[in-house]
Ligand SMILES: C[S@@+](CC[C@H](N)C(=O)[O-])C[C@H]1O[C@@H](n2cnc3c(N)ncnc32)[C@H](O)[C@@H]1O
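One chain follows as structure tokens, the form predicted on its own.
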Amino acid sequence: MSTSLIRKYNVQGPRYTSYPAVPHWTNELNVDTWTQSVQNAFKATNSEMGISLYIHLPFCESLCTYCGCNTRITVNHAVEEPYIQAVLAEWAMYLAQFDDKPQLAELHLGGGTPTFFSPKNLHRLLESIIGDCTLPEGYEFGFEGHPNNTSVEHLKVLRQLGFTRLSLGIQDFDPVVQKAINRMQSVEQVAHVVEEARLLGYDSINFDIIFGLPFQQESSIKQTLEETFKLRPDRIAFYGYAHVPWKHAGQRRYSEKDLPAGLIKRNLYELGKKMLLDEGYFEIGMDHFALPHDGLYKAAMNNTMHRNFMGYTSRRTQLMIGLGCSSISDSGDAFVQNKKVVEDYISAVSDGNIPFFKGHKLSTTEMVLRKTILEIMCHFKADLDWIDLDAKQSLDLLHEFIADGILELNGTHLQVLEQGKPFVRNICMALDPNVVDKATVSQQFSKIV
């Protein structure tokens, strides 16, 4: 890859799990407007698409210092019971908005560490929620597991409830890197979880692997991927570490001099990508790879892959409900995020209120921009027939990308070229009026490359 392009485009910017990105929400949305939007989306799409549910389980027994998620560190498992009660109460508030039984097309448990919760408590939480729904053909249930505490009993209970997807946070197998990020786990522990999951019928296993971690070298990436290939996960998310110590205090436990940066960091990715492609994995989205039998690969080939707050998904629903503290919900034309502090979340729900922290109602222009950015992020292409290219302020930037061999523009059809895939976020930024102020962007996001 051209070093000049890396230097030129390694700026700070959004990851575009939504448009507008969360820091750019205007917060001009009240609870009544949100519930009306939920009702409209449910009526319009439940019978055809179904709904998606994301449940945020924030608790972890120890802090992984690289982590940018909303977590609560504790070894006190008494926190499980009141949190489950709150999530079920929040779910009941949404059920009251629906005029029919929801079709649960997609369910994902994230965190935190979902397997912090006992198998018994996870069963109680999920059996209740799933029991309120019908399950359409091809529904997908998945969860994030920590190799150190995902037991066979966890796997059995969740498999009995219909879960077939498991995502494991590997990050790196190098002991030096693991110590720096406080994420000690052996290859043997990971292999045990993978083997047990496959015996129980989990048919899609994902590994999360991060490049750009403290003290990481090319030998770290090589070792990690070689061990990974022996276990043959169906899909791999291979993405860059987001260093935002002003937002997450754990990242202050090492300094920027400990991090591979710029060209060194990008070389870690290029090495990993080559190894993945040589091993038979296909690049299916930004920093995502899958084997040809996996559902996400098939969705990418069929142009049905979708991107939302859960990442890339193999099916699209208009209505995604986020339950739990800090969870984000999406009704198609509006977003809301729940209160971020566990106690505030539980208190709001206990008072009978949707635990509203902030929200955003999309304008007509934002709806069109959202569709375009989703197309670019999922399929590396989009039609720009909705704008007057001669008058568009971002046209100069698009032409700059063309000159740099990053994309082609045939009429109004935009196609990201192979060399441009690492810069897909830059292309989206060129269309995003919210990132004009570079000084503000630098305070909100990590670097792209």
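Keep in mind that this is a model prediction, so the values were computed, not measured. Numbers follow the displayed sequence, beginning with 1.
Another form, the form predicted in complex with this ligand, is not on view; read the next lines as being about it.
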is_contact(P136, this ligand) in the predicted bound form, heavy atom dist at most 4.5 Å: no
H146, heavy atom within 4.5 angstroms of this ligand in the predicted bound form: yes
In the predicted bound form, Y83 touching this ligand (heavy atom, 4.5 Å): no
Contact of I210 with this ligand in the predicted bound form (heavy atom, 4.5 Å): yes
This ligand in the predicted bound form: contacting segment from 63-71, 408-416, 35-43, 377-385, heavy atom within 4.5 Å: 63-71
Residue (of G111, P233, G324, G359) lying close to this ligand in the predicted bound form, criterion heavy atoms within 4.5 Å: G111
The single option of K339, R183, H154, H288 touching this ligand in the predicted bound form, heavy atom within 4.5 Å: R183
Sequence-ordered list of residues in 162-189 near this ligand in the predicted bound form, where near means a heavy atom within 4.5 Å: G169, Q171, R183
